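Let's start with one chain on its own, the form predicted alone, as structure tokens.
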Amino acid sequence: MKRTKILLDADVGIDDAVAMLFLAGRPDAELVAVGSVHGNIPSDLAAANALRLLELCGLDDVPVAIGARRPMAQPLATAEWVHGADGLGNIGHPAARRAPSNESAVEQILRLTAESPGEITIVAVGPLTNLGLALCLDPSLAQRVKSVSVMGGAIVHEGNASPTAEANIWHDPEAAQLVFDAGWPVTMVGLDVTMATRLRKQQLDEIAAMGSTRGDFAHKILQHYLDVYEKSFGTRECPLHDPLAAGIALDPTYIQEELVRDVGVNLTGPTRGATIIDRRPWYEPSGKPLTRVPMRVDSDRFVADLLNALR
């Protein structure tokens, strides 16, 4: 089986962790490296969590590099209330036995893509600061990357960090605009599809009954996440933001309906961080780089595949 080389860029909170467990359980995925970034939690803690997850999955050879500790043009903001003080639902998981690598996440991106041009898919499930900085240092990066799957943005759905902005884009709008304008193959997996792709009671019961290392860990960390979303949904279920972005990176056939448009990011005012595309039927390409934007996905098949990976 041909394996997709994945470089994961993540602010490793709960749904990032589930995405890592998913990738670890997929025979068609080769996780080549992880870079941390600010967002759900501080970047240093995100790297520590990535090391914990990799050790749990027996992937001790996958390097982890610490990335950007703050956004390009605004103060740092984190979301421990969603992910727990430790980013993993406050389950008290022991620290990993190894430390992050000496290079930064930006250096890691540039090095690995230079060593394997055209082979690496970047799965970016946190704020896009590392990718934006890497593009500033070396714009030719865009020609060396196979594809980029971004968890971020919202087109029709309301925002979750503000009335109009999804959290990962809101944390660093300037970096996001650099990523959408770079001219590489980008898929923006936004709230329009991630909020409709959920773990519900039946799937949560299946995870609880698996008896696998990955399943048991996922069930433990998800309890805090479920507590948060229960207040919004009124039922004990949660969306699969980051896992879906990882899934689409491996298998784009999960996408059932999509738009291919240039994506703008608002950088000023109360709608700062909002992602904007032209959805009018007479849209014509403006000449700017185009982004693939899923609007409907096969949620049932993806959730079934996620459960298989956790087993």
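Everything quoted here is computed from the prediction, not taken from an experiment. Numbers for residues come from their place in the sequence shown, where the first is 1.
Here the subject shifts to the form predicted in complex with alpha-D-ribofuranose (RIB), a form of this protein not shown in this document.
Is there a heavy atom of residue 175 no more than 4.5 Å from a heavy atom of alpha-D-ribofuranose (RIB) in the predicted complex?
Contact check for residue 175: no, nothing within 4.5 Å of alpha-D-ribofuranose (RIB) in the predicted complex.
Although alpha-D-ribofuranose (RIB) is absent from this view, report whether residue 168 comes within 4.5 Å of it in the predicted complex, heavy atoms only.
Contact check for residue 168: yes, within 4.5 Å of alpha-D-ribofuranose (RIB) in the predicted complex.
Does any part of residue 151 reach within 4.5 Å of alpha-D-ribofuranose (RIB) in the predicted complex? Heavy atoms only, please.
The answer is yes: residue 151 has a heavy atom within 4.5 Å of alpha-D-ribofuranose (RIB).
Please check if residue 160 has a heavy atom lying within 4.5 Å of any heavy atom of alpha-D-ribofuranose (RIB) in the predicted complex.
Output for residue 160 is yes: heavy atoms within 4.5 Å of alpha-D-ribofuranose (RIB).
Between the options 188, 179, 134, 125, which residue brings a heavy atom to within 4.5 Å of alpha-D-ribofuranose (RIB) in the predicted complex?
When alpha-D-ribofuranose (RIB) is considered in the predicted complex, the option within 4.5 Å is 125.
Of the listed stretches (60-68, 239-247, 26-34, 253-261), which one has a non-hydrogen atom within 4.5 Å of alpha-D-ribofuranose (RIB) in the predicted complex?
Looking at the partner contacts, the answer comes out as 239-247.
Between 39-53 and alpha-D-ribofuranose (RIB) in the predicted complex, list the residues on our side with a heavy atom within 4.5 Å.
Read in sequence order, the lone residue that approaches alpha-D-ribofuranose (RIB) (within 4.5 Å, in the predicted complex) is 40.
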